[in-house]
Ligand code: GUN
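For reference, the chain that follows is the form predicted on its own, supplied as structure tokens.
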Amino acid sequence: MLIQGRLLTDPASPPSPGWVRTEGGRIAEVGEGAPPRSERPDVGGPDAIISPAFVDAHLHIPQFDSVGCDGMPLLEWLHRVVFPAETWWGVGGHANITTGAIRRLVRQGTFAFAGYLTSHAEASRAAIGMLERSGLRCAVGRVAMDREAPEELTREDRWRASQRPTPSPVLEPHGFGRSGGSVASGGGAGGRVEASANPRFAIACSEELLAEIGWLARERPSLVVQTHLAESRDECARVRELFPDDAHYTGVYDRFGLLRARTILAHCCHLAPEEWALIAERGAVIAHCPGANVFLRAGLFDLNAARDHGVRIALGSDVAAGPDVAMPRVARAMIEVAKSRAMCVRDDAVVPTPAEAWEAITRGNADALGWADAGRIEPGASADLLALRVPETWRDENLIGRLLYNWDDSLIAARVLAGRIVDPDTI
């Protein structure tokens, strides 16, 4: 496939005319200027903007139909909105909701993500098959939880514990497949789904469950671990009650070996300096979810602290607490939250530029998730690309800012997923 347009290889620089050739789902060649005269482009044209597709570092597939249930703090929202939604997903709703989530992601140009399913093994396995067939790239896992939630969501992990009192070498209780790697089922773009271990958060996991997942993580250094940390003050207070002997919330995860280079910690709005330092020392990634944190009034993430401590940051939509599936709007929310901190908290608060925000939802997120071949336009990278159609008046030094603040999926003229042109309505 030949793709022509102005290549957005570096959002800090103007896109330059060029072309991309794809083969076998990857970028085989990138050229400058007009494409070879003998070839007609399959996608794009001289005025198209060619961008890497977006990467989302944190979302919940079962919650895609739960956006907009407002007016509750985190823990109440979980019990009144999320847990009922996830219960329904596990007993029959998974097929329709997963199909809708896949189509919404593709429509908005998100072709890769890190995310959560529910604690229901069979429904989660079915959803994994759907994700494989879609061609999306993801690190995704069954949620592990055995307390402080309805019986319908804790039953499976509590039953497994009763049947197997010692840690199991099998990843299946927390992911899919026995290797801890790809769970390709042979359909679509095989091998693009990566199993992850997903302890929901410390409140919902007993010490025994956290210990088992930590054991699995030590056995499998490449395993992705996803969890939540210090999203709200009420959550932090409950963790102190449940784990009174730990110095702090972050220390709970560290005690069980869950802080590592491939750990994704969502939110982190309320961290003490020693927690920032520990996260940096372990090399874990924080998934900043600005829209979700504002929606639940959980807190305003401290980019200054992250940069001061050298902590790696990714950007997540956190659907359904996050109201936006579209990553450009999530990137805009990151800028707006940072501006709010600059106005209300500290004058020298870090405010990302539009170019930095665009970098975060493409190459930056891919690198944070360990995908060095995603989120970029270069030979050898996955051929996950968007051809954008923008007004001529946008093609100036403010192009990226215009895209972020005017984003709509109608700006996407064509979607190339793993080297194939796809239609979000039929995928």
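In this text, residue numbers run from 1 along the sequence as written. Keep in mind the model is a prediction, meaning the values are calculated, not measured.
The same protein also exists as the form predicted in complex with the ligand; that form is not shown, yet it is the one meant from here on.
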{"query": "is_contact(A144, the ligand) in the model of the complex, heavy atom dist at most 4.5 Å", "finding": "no"}
{"query": "The ligand contact in the model of the complex: A333, any heavy atom under 4.5 Å", "finding": "no"}
{"query": "L296, heavy atom within 4.5 angstroms of the ligand in the model of the complex", "finding": "yes"}
{"query": "Heavy atom of R363 within 4.5 Å of the ligand in the model of the complex", "finding": "no"}
{"query": "Candidate site L271, W276 and L278: all three near the ligand in the model of the complex by heavy atom within 4.5 Å", "finding": "no"}
{"query": "Candidate from D254, E132, E231, E156 lying within 4.5 Å of the ligand in the model of the complex - any heavy atom", "finding": "E231"}
{"query": "Heavy atom within 4.5 Å of the ligand in the model of the complex - the one residue of V285, L105, V193, A321 that qualifies", "finding": "A321"}
{"query": "Partner-facing stretch of 393 to 401, 59 to 67, 24 to 32, 42 to 50, counted where any non-hydrogen atom is within 4.5 angstroms of the ligand in the model of the complex", "finding": "59 to 67"}
{"query": "Stretch 259 to 279 - residues with a heavy atom within 4.5 Å of the ligand in the model of the complex", "finding": "H267"}
